[in-house]
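Here's a solo chain for you in structure tokens, the form predicted alone.
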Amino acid sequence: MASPPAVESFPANTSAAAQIFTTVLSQGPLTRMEVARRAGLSAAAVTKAVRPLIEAGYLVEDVDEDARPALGRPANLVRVDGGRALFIGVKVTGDKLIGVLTDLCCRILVARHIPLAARDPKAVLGPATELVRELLIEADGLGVRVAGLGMAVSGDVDRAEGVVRYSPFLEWRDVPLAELAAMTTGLPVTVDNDVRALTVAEQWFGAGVGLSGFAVVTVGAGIGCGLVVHGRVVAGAHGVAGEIGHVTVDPAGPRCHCGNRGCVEAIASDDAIVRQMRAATGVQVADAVQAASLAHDGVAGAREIYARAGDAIGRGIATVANLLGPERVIISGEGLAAYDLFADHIRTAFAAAAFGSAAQCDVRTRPLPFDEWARGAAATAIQSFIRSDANQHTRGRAPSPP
């Protein structure tokens, strides 16, 4: 493996400085005055925070000719130099690893996919280390250091401890993934739930930029939900929050793998749709792609399955809107390939179940290529690098408290 360089400390050593940098990162380029306004800080605080970041090469000032005041010199725009540091993101699925190398602005520079022969932690860690090695070599070729590694896994993930508590798809329990990965790669490692990681990417670099509250709902192998409330991604006291996949919408419905009946996931996940399609049509449907094909072809009973799935998803989203009142709900995931089959049902069920003004929530869809899952993992590594209150592990040890 290419030798990872010594870890460099990010020069924003206060929460205000980190907030200022994050504001520029997600919303820039901005003038210093605009940074102060959006961050809710004084101009003096911005100047104090920006100076060391410029000296260290993380921020750059450009002249904004269009913002010239009536008198005096043009205003300067502050922006992030995306090439100042690189990050690696790895998404672990049941059958492959997806890895990306991104810059500081979370733009994907290189993407790699590696198949998995087995799902146990040891069988995953070896290929993951090889994938990171390949991406470190790519970074060496660019002459820029890799400042952190993010790993995203489905299920109950304790980011603070770097432990995968329970991942039903991988059949993992209490796996100290951050420690193991830090030991084999030598990089600072952040491990998080895959949907929460995707939510971080949307908050800083996507459809959630500038919003104080929104939700990301993913449809596919499972039904996931990431939440941002008052500008912070919600992890929950025990690492679990936003599990709308396990909201019961039909008490008499099919049994879910969690043990309950009629969960959204038991009705609308890819596996659930495949099972229902087999029972309804008598066809031994292989996967979600074939299930959608039967529905598009008008096979009797097929479209009703997607109608039921759309109703369950819509009611699940309405639950989020009623409880938290987000400004926006972003529907994403690989299940969007069949979105035309249940879109109307999602909207109808949401409108019927959302209470009062909660129905005004902006519900929109966003396609999700598989590489975006790994980009979300990289976003958590960027977050940990910038923010002293985020969680990462370095060579198997958690960083000392600031």
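Just so you know, these numbers come straight off a predicted model, no measurement behind them. Start at 1 and count along the sequence shown; that's the residue number.
There is also a form predicted in complex with another copy of the chain; it is not shown, and the following applies to it.
Looking at H246, you'd find a heavy atom of it within 4.5 angstroms of another copy of the chain in the model of the complex. Shown alone here, A352 lies within 4.5 Å of another copy of the chain in the model of the complex, counting heavy atoms only. Another copy of the chain in the model of the complex is approached by A358, whose closest heavy atom lies within 4.5 angstroms of it. Although the partner is absent here, G83 lies well away from another copy of the chain in the model of the complex, with no heavy atom inside 4.5 Å. Only one of G94, G236, G282, G298 lies close to another copy of the chain in the model of the complex, with a heavy atom inside 4.5 Å, and it is G236.
Listed residues S293, N322, T129, N76 were compared with another copy of the chain in the model of the complex; N322 is the one with a heavy atom within 4.5 Å. Heavy atoms within 4.5 Å of another copy of the chain in the model of the complex belong, among the stretches 101 to 109, 257 to 265, 190 to 198, 173 to 181, to residues of 257 to 265.
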